[in-house]
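The chain below stands alone and is given as structure tokens, in the form predicted on its own.
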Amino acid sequence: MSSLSPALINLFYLISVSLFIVGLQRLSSPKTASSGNLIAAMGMGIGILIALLMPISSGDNNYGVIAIALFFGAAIGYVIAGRVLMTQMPEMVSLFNGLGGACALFISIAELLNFHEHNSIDPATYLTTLLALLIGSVAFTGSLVAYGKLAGSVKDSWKLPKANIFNMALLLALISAVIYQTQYPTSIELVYIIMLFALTYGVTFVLNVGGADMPVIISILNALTGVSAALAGVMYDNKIMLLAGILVGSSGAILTLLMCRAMNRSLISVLAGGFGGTSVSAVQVGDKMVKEVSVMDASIMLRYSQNVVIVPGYGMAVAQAQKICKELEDQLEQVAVNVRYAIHPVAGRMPGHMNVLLAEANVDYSKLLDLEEANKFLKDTDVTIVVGANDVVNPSALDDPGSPIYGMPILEILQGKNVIVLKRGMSSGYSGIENPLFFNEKTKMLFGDAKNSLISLLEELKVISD
């Protein structure tokens, strides 16, 4: 396979990076996300091809091994992506993100072994490689723990005692070891110790994070994977790896900060954990009673409304009820009811989770209201339907200083006239915090599986509308 000239390589670098940027920009809207994903994939394909065609100083190549790896990697990715359910999308994102960190880990080890074997160590390059090893290792094991938490195989009750102190000590030890190894790179054994400590830190770093903070952690791990890819690009003088890593790292960091702001929490408090799992609210519900509503009464309320807001949450994803929500919307709009969807930034288990689900159901993007828009619209709403959401509509964030979520911006659904909560039972949400919304005088509970409840509402609405 012949090599390309430097001019052609730089030209294809520019094309590839441009496709990355356009693809990333189009991912910002559900309407264009699908094409954006394909455009970014084209950029990645060009990047891989150019890397294979770059001149090799040694004259040796491993195209056979590379072809086998490409075939098996593409086949595994195709099968997994085709079989994964939308409810399992957060787990898949975490798993694939971890694989990106693993790539940085393995190529860093390979390069460090090469440095020591040939005894040719440039301090700057060596430090870059050690950092790629460190960050890639953290992203790898951290993503695996996040995957386990999202899948339910790693329980929120599994806590490390004095985790903050342990993690800080471990991080300082890692930084000290990296600095020492860079100054005195005489032994490869310390590299292996750094790797083991970094892998351990990835586990302890995520283990104590509460369930409600998992979307933020996924963003952080995504940013770390991008940084490790950028460092690998520096190692190999590969501009595509460098710029793609910078794009992923910077976008992940910006998203992390935006989500922290949406939760009114500092990044430090998220990393410290303690929000989620076993946390409890200061609200005492005592003997308060909930008011149930029948399917017929709920249907009548919806039929004779002017404005209806649907608030989706992870319960909608579990029940796979997004398409029924769309059918309910269509039925209501046939009788001149205005329907909108209120989307909280941290609803679900990953950034944009609800947007992805509703886009799959062909919900018009213009009907998806962000937090600020939704709260304005809710003032004129006749009925708000909560489909499997909990923490993002918990009024304790507004009026209970003893609540762990106090100060967190929420969807203020009690501004509307009536609230119908679709829920299996009276259990708390993913963060384990009690929700006084269920006992409010404006709230009526419709118990049962969210999908079945929505189907019943839809059928009753059709009868009423005829």
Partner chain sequence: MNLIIEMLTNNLTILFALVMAIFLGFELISKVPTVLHTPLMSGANAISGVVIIGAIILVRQSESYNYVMLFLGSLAIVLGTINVVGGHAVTNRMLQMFRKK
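The structure displayed is predicted, hence computed values, not measured ones. Residue numbers count along the first chain shown, from 1. Between two forms, the rigid core is the largest collection of C-alphas that superpose within 1.5 Å.
Quick note: we don't show the form predicted together with its partner chain, though the next part is all about it.
Of the candidates V383, M259, A298, L328, M259 is the one whose heavy atoms come within 4.5 Å of its partner chain in the predicted complex; the others do not. Of the residues given (T200, N338, N375, S250), S250 alone sits with a heavy atom within 4.5 Å of its partner chain in the predicted complex. Comment: 33 to 41 is the region of 393 to 401, 33 to 41, 410 to 418, 434 to 442 lying near its partner chain in the predicted complex, near meaning a non-hydrogen atom within 4.5 Å. Contact annotation: K159 falls outside 4.5 Å of its partner chain in the predicted complex, judged by heavy atom distances.
Although the partner is absent from this view, A7 contacts its partner chain in the predicted complex, with a non-hydrogen atom inside 4.5 angstroms. Under a 4.5 angstroms non-hydrogen atom cutoff, its partner chain in the predicted complex lacks L446 among its neighbouring residues. Although the partner is absent here, G152 lies well away from its partner chain in the predicted complex, with no heavy atom inside 4.5 Å. Along 236 to 260, these residues reach a heavy atom to within 4.5 Å of its partner chain in the predicted complex: Y236, N238, K239, I240, M241, L242, L243, A244, G245, I246, L247, V248, S250, S251, I254, L255, L258, M259.
When the rigid core is held fixed, the Cα atom of M241 travels less than 2 angstroms between this form and the one not shown. In a rigid-core overlay of the protein, G47 has its C-alpha displaced by under 2 Å between this form and the one not shown. G148 is not among the residues whose C-alpha shifts by 2 Å or more between this form and the one not shown once the rigid core is aligned; its shift stays under 2 Å.
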